[in-house]
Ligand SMILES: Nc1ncnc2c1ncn2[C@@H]1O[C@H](COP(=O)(O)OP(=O)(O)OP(=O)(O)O)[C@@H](O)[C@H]1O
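The chain below stands alone and is given as structure tokens, in the form predicted alone.
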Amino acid sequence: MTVHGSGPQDAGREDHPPERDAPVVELRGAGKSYGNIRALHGVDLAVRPGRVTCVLGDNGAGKSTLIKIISGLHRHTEGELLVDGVPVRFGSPREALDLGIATVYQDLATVPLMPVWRNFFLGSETTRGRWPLRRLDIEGMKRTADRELRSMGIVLDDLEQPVGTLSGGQRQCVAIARAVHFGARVLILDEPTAALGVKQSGVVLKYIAAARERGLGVVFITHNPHHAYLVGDHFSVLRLGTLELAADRAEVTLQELTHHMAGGAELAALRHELAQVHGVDVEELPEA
């Protein structure tokens, strides 16, 4: 990981810790190009502790590219990425995770046939005893997993059950609790409600709010403005790789958010074109 401004500036950073409401992660004019293709351009985004930042956009809007930049999977090619006010260029997701930036993808990176507690500690198992008699601390991991899940309001009767037997919403919540336990300060959620029904989506939204109450900065990636508006504190709408809307909750209504998300300008143009087609009564169509 490349950190610009190391040395004396780092010492100043320790003497003067960031303000409470200062962004943990911030993008300034950030962009990403793949050869001649510009996937993202000029995006500003601030992720603050105890706030849910919703990033909305249709397919191809640039949401996935944004996730990859913040999570350390891809390096930005323009602008800046700052963590605690210091410009960084991640070389891998591990470097982002070391600074407290955790990403929960749609596939959740779980092993369906393994028990819940094993998935909770997957790749970070704890041991006890001395070499060569060192062994997995199974009971300790079970207790920790149960305690952390309960602290997020998730109560499971049997931690031995395969994680694949849980509902989609429950699996999302286990992944969220795992990230919180292992020190996440910023939690990026990639379309966590996309494949869920209404009830299970509500479960996930409940735990997003719980993560916010624990002081995490949450980046909620979604294409559903209704879900975003239920828990969001700030809304950023991407369109074709650029930022179309950036507004706090008090500055935008659900109707306005839906209008931007649906591409109001394009819908107005489509309505005008349909007016030229014989047999289509545009007066019966909803207003763009």
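Heads up: residue numbers just count along the shown sequence, starting at 1. What you are looking at is a predicted structure, and each value in this text was computed from that prediction instead of being measured.
Just so you know, the form predicted together with the ligand exists too; it's not on screen, but the next bit is about it.
- Annotated contact segment (heavy atom within 4.5 Å of the ligand in the model of the complex): 64-72, selected among 245-253, 64-72, 41-49, 225-233.
- A heavy atom within 4.5 Å of the ligand in the model of the complex is found for one listed residue only; from 144, 106, 92, 167, this is 106.
- Residue 29 falls outside the set of residues with a heavy atom inside 4.5 Å of the ligand in the model of the complex.
- Candidate site formed by 182, 209 and 213: none of these residues places a non-hydrogen atom within 4.5 angstroms of the ligand in the model of the complex.
- Shown here without the ligand, the chain has only 191 in 162-200 lying with a heavy atom within 4.5 Å of that partner in the model of the complex.
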